[in-house]
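What follows is a single chain, given as structure tokens, in the form predicted on its own.
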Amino acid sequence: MNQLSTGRPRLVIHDPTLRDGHHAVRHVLGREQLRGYASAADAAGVPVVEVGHGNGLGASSLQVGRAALSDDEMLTVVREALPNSKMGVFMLPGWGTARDLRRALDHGADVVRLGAHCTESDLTERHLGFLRDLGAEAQGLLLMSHMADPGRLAKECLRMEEYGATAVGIFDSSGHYLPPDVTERITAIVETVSVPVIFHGHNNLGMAVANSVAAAQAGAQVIDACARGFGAGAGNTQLEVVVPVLERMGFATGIDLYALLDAADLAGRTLMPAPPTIDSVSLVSGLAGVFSGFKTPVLDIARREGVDPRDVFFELGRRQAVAGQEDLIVDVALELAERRA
């Protein structure tokens, strides 16, 4: 593990507040909101600030929600607000294309993340190779990682490293993990790959900070966290909590505490109607192991069809629904309504 001059193990904190948080507000953040938070995070010394539609580059659509700003507009605004921090972007192949990646790099993106379902890393091969050929910092992430065992995750991460990823890791997309689950999976990946390992946690079961700590202790070198936990469903690992916790445990993040708290306060005032909470629907989503980004569409469709959203989540979990299968929500809600009738 890398060391700072202090001798403490170094962690890179990656902040997707302006990307994952978009899920929570139907992708409507405006220029001043993006500019204000990015400037505050930069002042705090947050190493990487990620921006974009909640589902990443190219995803603004009727199916998953139109963003208030185009990708080009978001990247331009945030790039100008980050004189020191790196700017990150995320893309799911299928939503975005190589053209979107090139445009993001033209706008000054420093870190590009490619995501894929946890057993489908091969979907990232072409784009990781494209980024490798351009000399870009490219990372590979496995979504819904609780749906694969540690050995399979390690093999999938190794493939992404071979495709050209400069870091690899896992998303706890449904907030389903407990700390021992994270320890087992991160350990397996760290023992298999030679690049830094990433962990991205959600808070459906109230475990996001504990899970992120477990990941760091198991050897992860990149930890994702959002201001006030702003993110899909019950939200993400809370940035201004996990950073001082990790520092107290002996890790070095290079982030200024007071400036970080100021950035979190700003996020609370300007980005979100209210901080994410673990309500009954989010809790069930975590227990069922369903993608946190499904919360808003499940609530909308369940209300429309007159069914209990908790029943929808448990049924989606039984069907092993994965991110990108939003159409399945409608099928499940209609079937539940028919059974009730």
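Take the two forms, find the largest set of C-alpha atoms that superpose within 1.5 Å, and that set is the rigid core. A quick note: this is a predicted structure, and the numbers were derived from the prediction, not measured. Residues carry their position along the shown sequence, with the first being 1.
Keep in mind that the form predicted in complex with a further copy of the same chain is not shown, yet the notes after this line are about it.
Engineer: Looking in the model of the complex, any heavy atom of residue 83 within 4.5 Å of a further copy of the same chain?
Structural biologist: Result no; residue 83 lies far from a further copy of the same chain in the model of the complex.
Engineer: Residue 311: heavy atom within 4.5 Å of a further copy of the same chain in the model of the complex?
Structural biologist: Answer yes; at least one heavy atom of residue 311 falls within 4.5 Å of a further copy of the same chain in the model of the complex.
Engineer: Taking the shortest heavy atom distance, is residue 210 within 4.5 Å of a further copy of the same chain in the model of the complex?
Structural biologist: Judged by the heavy-atom cut-off of 4.5 Å, residue 210 is in contact with a further copy of the same chain in the model of the complex.
Engineer: Taking a further copy of the same chain as it sits in the model of the complex, is residue 279 in contact with it (heavy atom to heavy atom, 4.5 Å or less)?
Structural biologist: Output for residue 279 is yes: heavy atoms within 4.5 Å of a further copy of the same chain.
Engineer: Identify, from the list 268, 151, 244, 219, the residue with a heavy atom within 4.5 Å of a further copy of the same chain in the model of the complex.
Structural biologist: Of the listed residues, the single hit is 244.
Engineer: State the residue from 98, 134, 123, 178 whose non-hydrogen atoms include one within 4.5 Å of a further copy of the same chain in the model of the complex.
Structural biologist: Exactly one listed residue reaches within 4.5 Å, namely 178.
Engineer: Thinking of 205, 240 and 283 as the candidate spot, does a further copy of the same chain come within 4.5 Å of a heavy atom on all of them in the model of the complex?
Structural biologist: Answer is yes for this spot.
Engineer: Counting only non-hydrogen atoms, choose the one of 135 to 143, 101 to 109, 74 to 82, 245 to 253 that falls within 4.5 Å of a further copy of the same chain in the model of the complex.
Structural biologist: Only one stretch qualifies here: 245 to 253.
Engineer: From first to last in sequence, which residues of 247 to 273 have any non-hydrogen atom within 4.5 angstroms of a further copy of the same chain in the model of the complex?
Structural biologist: The stretch 247 to 273, when checked against a further copy of the same chain in the model of the complex, contributes 248, 249, 257, 258, 261, 262, 265 at the 4.5 Å heavy-atom cut-off.
Engineer: For residue 308, decide whether the Cα shift between the shown form and the other one is 2 Å or greater, given a superposition on the rigid core.
Structural biologist: Yes, residue 308 moves 2 Å or more.
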